[in-house]
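First comes one chain, alone, set out as structure tokens in the form predicted alone.
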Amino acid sequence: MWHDDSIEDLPVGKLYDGRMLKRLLPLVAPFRARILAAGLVLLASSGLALLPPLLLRRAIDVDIAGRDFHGLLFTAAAFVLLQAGTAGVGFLLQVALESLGVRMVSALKQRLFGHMLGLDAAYFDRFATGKLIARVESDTEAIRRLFTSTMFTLLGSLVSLIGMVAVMASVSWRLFQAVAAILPVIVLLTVLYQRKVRPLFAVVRRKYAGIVGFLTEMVQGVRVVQAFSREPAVDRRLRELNASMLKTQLPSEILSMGFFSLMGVFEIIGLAVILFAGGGMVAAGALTIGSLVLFLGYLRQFFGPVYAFSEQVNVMQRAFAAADRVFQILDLRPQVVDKPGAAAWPAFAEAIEFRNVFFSYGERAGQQERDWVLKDICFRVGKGQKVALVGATGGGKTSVINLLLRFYDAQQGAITVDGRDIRDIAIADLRRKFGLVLQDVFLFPGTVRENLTLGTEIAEDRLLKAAEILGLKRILRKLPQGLESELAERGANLSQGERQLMSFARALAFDPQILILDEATSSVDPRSERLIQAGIRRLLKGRTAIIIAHRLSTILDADRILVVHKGRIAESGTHEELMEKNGYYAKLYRIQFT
């Protein structure tokens, strides 16, 4: 009933992957100046965080012990200013990191999406839309967090840790040794915790993604669910998914809470060690009270890096897994590309010709033999002709169009335009000569104008002329602002027939030399179909058209009809000629019109 578009479909990621980090560095290289600036601010912030315990030590050992009121006032003022400065530097650091992160993820998304747009149609056949969107959105965001919050959090924690160790060791080596005795236990517990919790977090993410995928599909298909009274079944399935995630999430949460609680215990143990050992040293005159307070203050900060590292492990693991997925895409190279020296195609002048074309979408599983979708296809479309492709669903009609537009390349044979192999023509220049209208109309959120022009500069009179030819003006009059009216997602505020008319107007607005209509009138009502047919007759004057149709009524006046059956051209001729043959076409015609 549903499929999992989970983006967490890889094994548990590494905590640190040097190879992947090396590949990521060129992606962030353009931002090295901002990273350096943020690093300097981070050093300033970490350095300032070391000063408050030192000021407290001075206040106690110097000002209070010496009964120096003015000195104490100066120290207190310095303490307040220091806290304000620390807050200000922290704010600057957050601004720098957010600015860096926004620019970095924007550039990475642009590069990844641009690369995806250049991939073959076969790539998009293999992957669900949800996964592709997740890789552009979620995976790039995970990488951003690695190079902003995670990297700087861990770096700041390391700087603070080194600074505190240096200060404590210089103030009292004996007391520092007593405190450091608990460090091996803390390190061991942290390592054990990470090894145990990382696989659990990975499973929780996969199960969470599965729930999100399920909910997305159920919301999108809510009418079907309600129409067939499947609410109890859907509710039951969601309950099962939640229960399955809970079995993993609950142990991981308990383990996390146990670890952080244990760290809290060790923090208390550290305080007790400082009070016991340090108190004895103070009593013996080997340590000042201010130095003892300094150790107590640093111990509270000492556990911050431990907590930070533990909290960032999940982010690091996810970032490296996300980077692996991103590079899987960036490493792909399209198979359908321009040949070196591919030439332009000035204009369509003579004919389109298929010569002994064989095509398969891939090899049969475990075999070298190809499962041919098209077999020995041969036909010619002269300039100004209207040629129709008819036949049963799955016969190979749409595959003919996919090859003509070079969404795929044929394994055998050749397709030529004006005598030139289409593989010798620049892909963009080839496709620019065609206007494509599909059965499944896609309209983007935005204005009517934006959907007709797709961001291209098209003259107003050409848009209005296209609307007039196809009878679109009645739709524009119904919309509140005409061409500037906003369309809902996928044109939901228009009927199916109106959306189809909009796609025709879009093709017309680009004034193509060759029109390709793929089941283009199958979703419109009879009145809209009559308008479209009238518009098509005016449109096709002086143009070439290839029409895929199930409704034979729409292609009766075609110059030539090709019957595509099981990957081959079974019959060819005009409507009258094919009816006289009394073959497959005549059978289809009688089925539709009897």
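None of these values were measured; they are calculated from a predicted model. Residue positions are given as counts along the sequence shown, with the first one as 1.
Note that the form predicted together with a small molecule isn't included here; everything after this is about it.
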Give a yes or no on whether every one of 361, 392 and 399 sits within 4.5 angstroms of the small molecule in the model of the complex by heavy atom. yes
In the model of the complex, is there a heavy atom of the small molecule that lies within 4.5 Å of any heavy atom of residue 348, even though the partner is absent here? no
Spell out, yes or no, whether the shortest heavy atom distance between residue 302 and the small molecule in the model of the complex is within 4.5 Å. no
Taking heavy atoms and a 4.5 Å cut-off, does residue 125 contact the small molecule in the model of the complex? yes
How about residue 430 - does it come within 4.5 Å of the small molecule in the model of the complex, if we only consider non-hydrogen atoms? no
What is the one choice in 439, 496, 106, 216 with a heavy atom within 4.5 Å of the small molecule in the model of the complex? 439
Work out which of 176, 259, 408, 434 lies within 4.5 Å of the small molecule in the model of the complex, going by heavy atoms. 408
